[in-house]
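Structure 1 and structure 2 below are two forms of the same protein chain, each written out on its own as structure tokens.
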Structure 1
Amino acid sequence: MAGEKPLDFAREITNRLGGETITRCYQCGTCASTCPVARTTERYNPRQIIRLALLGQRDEVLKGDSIWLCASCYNCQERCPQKVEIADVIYALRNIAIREGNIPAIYTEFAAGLMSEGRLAPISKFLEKKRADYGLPPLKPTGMEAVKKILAATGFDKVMFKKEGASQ
């Protein structure tokens, strides 16, 4: 964003749930060296994401592909000497990106599953029959009425109805 100071983005992140610890980072790189994804592909480096964010490179961080490549394994967070909650920071960045319409297709599917059935993986007729064949009890209904009220209260439903964006 033109005219924005680097620290504005850092402040925006620290004010979000999950993002509180980002400014503790001193760039030692323990996160990247323990990350199974960073070892596999050059597309992802958690230290670099944090650096870019702290330098105020808002668009590069939020519109890029990198933040979507964290596998949420928490190795980095477990080993960070500064107690930066790195995996949670990535969630906070994804939360901001999604609010601005950068939503990878797979996340739209997850959200749709939650909003329509209260489950990310819907139960098929085939599985219902298989379950019965094996003597498993029928599944109890999900509390959709409650889910819908919760999603309305947090604004989740509105966020997910935004135009899909460029992240993938």
Structure 2
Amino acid sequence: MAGEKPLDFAREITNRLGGETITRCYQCGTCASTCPVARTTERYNPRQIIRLALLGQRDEVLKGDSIWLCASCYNCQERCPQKVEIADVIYALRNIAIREGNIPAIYTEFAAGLMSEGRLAPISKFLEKKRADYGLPPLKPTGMEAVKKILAATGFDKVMFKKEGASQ
């Protein structure tokens, strides 16, 4: 945001559920050294994400794809000597990104499926028939009324409309 100071972004994160511990980080790098995702790609480094966030690099953190690469394994969080709840900080950053309409396409596709059919991916008639071959019971109805109530109660349906409106 224009005119925002670095501490403003850090304060915003600490005020979010899951983001409370971000300012404890002293950049030791234990999180990055234990992260299985960081071992496979240079695109994800939890230490670097926290550093950028604490420096107020809001757009770089929220509009990039790195916060979406966390596998939520909690290795970083279990080993952090400062007790920074890193995976939870990443969730807080994701929630801020979502509120601002920065949602990766795959998540919007999953959400659209959830909102329309109550499932992340449609189940074809072929797969439904195959369930019996494997001794599986027929699928139960998804309970769309309950799904819609949950989406409305969490405000998720409004976030999705905001994202759809942003692309027009």
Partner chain sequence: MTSYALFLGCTIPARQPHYELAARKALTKLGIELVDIEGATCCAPPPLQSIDLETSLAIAAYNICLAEEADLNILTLCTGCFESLTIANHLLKEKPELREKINRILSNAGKEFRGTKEVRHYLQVLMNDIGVDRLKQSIVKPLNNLKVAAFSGCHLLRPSELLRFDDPERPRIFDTLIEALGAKSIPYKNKLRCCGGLLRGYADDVALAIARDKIVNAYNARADCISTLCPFCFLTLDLGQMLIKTTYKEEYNMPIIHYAELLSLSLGVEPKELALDFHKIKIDKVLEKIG
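Numbering for residues begins at 1 and runs along the sequence of structure 1. This one's a predicted model, so the numbers in the text were calculated from it and none came from an experiment. Rigid core (definition): largest C-alpha set, two forms, superposition within 1.5 Å.
Where the criterion is the form predicted on its own, structure 2 meets it and its counterpart does not. For Leu151, the Cα coordinates differ by 2 angstroms or more between structure 1 and structure 2 after the core has been superposed. With a cut-off of 2 Å and the rigid core superposed, Ala112 has a Cα displacement that reaches or exceeds the cut-off between structure 1 and structure 2. Once both forms are overlaid on the rigid core, the distance between the two CA positions of Gln48 between structure 1 and structure 2 is under 2 angstroms.
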